[in-house]
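The chain below stands alone and is given as structure tokens, in the form predicted alone.
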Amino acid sequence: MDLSDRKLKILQAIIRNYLETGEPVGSRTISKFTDLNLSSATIRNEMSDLEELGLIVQPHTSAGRIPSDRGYRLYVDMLMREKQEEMEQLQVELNAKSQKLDTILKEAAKLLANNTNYASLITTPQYRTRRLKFLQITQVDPENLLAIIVLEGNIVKNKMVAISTPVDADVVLRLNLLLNSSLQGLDLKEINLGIIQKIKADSSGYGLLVGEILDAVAETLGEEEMQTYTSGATNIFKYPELNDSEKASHLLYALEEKKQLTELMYSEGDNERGIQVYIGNESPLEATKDCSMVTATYHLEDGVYGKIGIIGPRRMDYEKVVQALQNLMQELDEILKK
């Protein structure tokens, strides 16, 4: 259906206001919800045209208008088409950004190892919050839905949702509208039982399906996806005190496995920008008891941070290491915030 931009904006304003209030919408109300700067008389004429097209209805004489099923269909189709286009563009931009970030961090780890002659590691950025920006549900087949979840910071996560009851496209579209209007802007910890029960109550008999979708969203928002890049592991063989075969193998394994070293770096607190130093037995990890480990935190933006670490002998050049970390943090700030 071809509608003028003016009619489309008026229809959108009617639907959004009706979704918010549940009351019929009059021309005077619409004049406050659009940027058209039209008189109430002009808006009434446009509303009459929309009514003739079957997009809105007047439930009572002298009352305002409410959307018809046809109006909802046009609104939802337009909304989902716009969001799909936004997400496709966002996915392209994020893929390019992610590839650039991975390259930068790998090179940073290599540069740090080369400049210090020690082993280095650096993590990809983490996010303190898991705030929902947009959620799109798409039907894959009668037994599965695909949930595309966009979080604050333009993090995109995909999750397959196995459903117990097949649904048609209209139900999927209505659930998309309901879930986004209810969850947009919320963090995982803010999606409480009361909100879930209200969504289920408003789902027109699809409470079980809503529960399955929300379980998948909660599971996805709770997942941590972090990469740790290492470099210079063989540098430890340059130091006789670390060249013992058993000590070296334990340390090499820790650098290869990465998990324990990453957890150690994050144990100091995620918002500390200062330098943290573990000397010998101060480290809780057995593999680094004969080493020193110096860590720091880099920040991309508010709530987005990552960790950098350097591992070497107890007799490492601490001044040089601290300076190298400070220089790298400054360089990452300049590069990643562009």
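Throughout, we count residues from 1 along the sequence that is shown. Bear in mind the structure is a predicted one, so any value in this text is a computation, not a measurement.
Not on display, but discussed next: the form predicted in complex with the DNA.
- Contact annotation: of the candidates Leu53, Leu300, Ala287, Leu38, the single residue with a non-hydrogen atom within 4.5 angstroms of the DNA in the model of the complex is Leu38.
- In the model of the complex, the DNA lies within 4.5 Å of some heavy atom of Met47.
- Among residues of the shown chain, Gly26 is one whose heavy atoms approach the DNA to within 4.5 Å in the model of the complex.
- Although the partner is absent here, Asn281 lies well away from the DNA in the model of the complex, with no heavy atom inside 4.5 Å.
- Contact annotation for Arg65: at least one heavy atom lies within 4.5 Å of the DNA in the model of the complex.
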